[in-house]
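As structure tokens, one chain now follows by itself in the form predicted alone.
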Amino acid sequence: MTRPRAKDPSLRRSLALFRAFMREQDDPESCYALLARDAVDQVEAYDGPVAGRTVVDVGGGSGYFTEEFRRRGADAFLFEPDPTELGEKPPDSTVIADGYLLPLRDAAADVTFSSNVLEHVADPEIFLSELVRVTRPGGLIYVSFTNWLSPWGGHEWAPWHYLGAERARARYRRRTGKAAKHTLGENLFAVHIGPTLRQVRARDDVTVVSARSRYWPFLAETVVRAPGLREIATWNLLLILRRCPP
């Protein structure tokens, strides 16, 4: 069966996302609701409508992605390891679970979804293996992450991470009067595009449908093919993987 393939999105869409990111601290609900709609649009661009399908959202925080999948008719379930990320009203049937060991049988999901989680796990390869395990043969795996050398790689203390993590954290404390949420080597890790692509391409249980910049409005796959440049210019890598038959 020929499946739809995503086209490079519009400049208007990229600008809307960028403006939302700039207002994240002041209006997180609008920011993450927009991001969720955009992410589910991307899933459907590669795999068709999600209505009636089982979706596993791993590390989805307070549940914006899960709720958007449900609005479109999917049977979506949130698995989040950190209770403090859930907010006041997490989606029904949310499960507190580590992405390294999901309480799911093999091949349980039609779509396995993980947005901006990979840079927060100490062993991305094990995490990816668990996403693959719970995805049915022929199912889709959506993984995006902010790579370390991206301008946003240091998260709240970016772009000063280019001068070193400790220096960047110290600057954040001086500027805001509070400690940074993320600490390199504890809950934020330096994940790079090149090694990640080599890992997934070496696997025999998935095929890489697309490796692209998540937010770029043009040449989104082309920039990822340029070693060195991609580590800075990609900003956020989106991997679309297809689970192979056993």
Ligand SMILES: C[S@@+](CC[C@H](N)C(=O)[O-])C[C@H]1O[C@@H](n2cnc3c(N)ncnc32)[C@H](O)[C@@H]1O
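We number the residues from 1 along the sequence you see. All values reported here derive from a predicted model rather than from experimental measurement.
FYI, the form predicted in complex with the named molecule isn't displayed, but the following is about it.
Trainee: Choose one stretch from 161 to 169, 133 to 141, 104 to 112, 76 to 84: the one whose residues place a heavy atom within 4.5 angstroms of the named molecule in the model of the complex.
Mentor: Looking at the partner contacts, the answer comes out as 76 to 84.
Trainee: Although the partner isn't part of this model, could you tell me whether W157 comes within 4.5 Å of the named molecule in the model of the complex, counting any heavy atom of the residue?
Mentor: No, W157 stays farther than 4.5 Å from the named molecule in the model of the complex.
Trainee: Look up in the model of the complex whether P90 has a non-hydrogen atom within 4.5 angstroms of the named molecule, and give yes or no.
Mentor: Flag for P90 set to no.
Trainee: Although the named molecule is absent from this view, report whether W148 comes within 4.5 Å of it in the model of the complex, heavy atoms only.
Mentor: No - in the model of the complex, heavy atoms of W148 and the named molecule never come within 4.5 Å of each other.
Trainee: Considering non-hydrogen atoms and a 4.5 Å limit, does the named molecule approach P124 in the model of the complex?
Mentor: Taking the distances in the model of the complex, the answer for P124 is no, it never comes within 4.5 Å of the named molecule.
Trainee: Counting only heavy atoms, which residues in 58 to 72 are within 4.5 Å of the named molecule in the model of the complex?
Mentor: Residues within 4.5 Å: V58, G59, G60, G61, F65.
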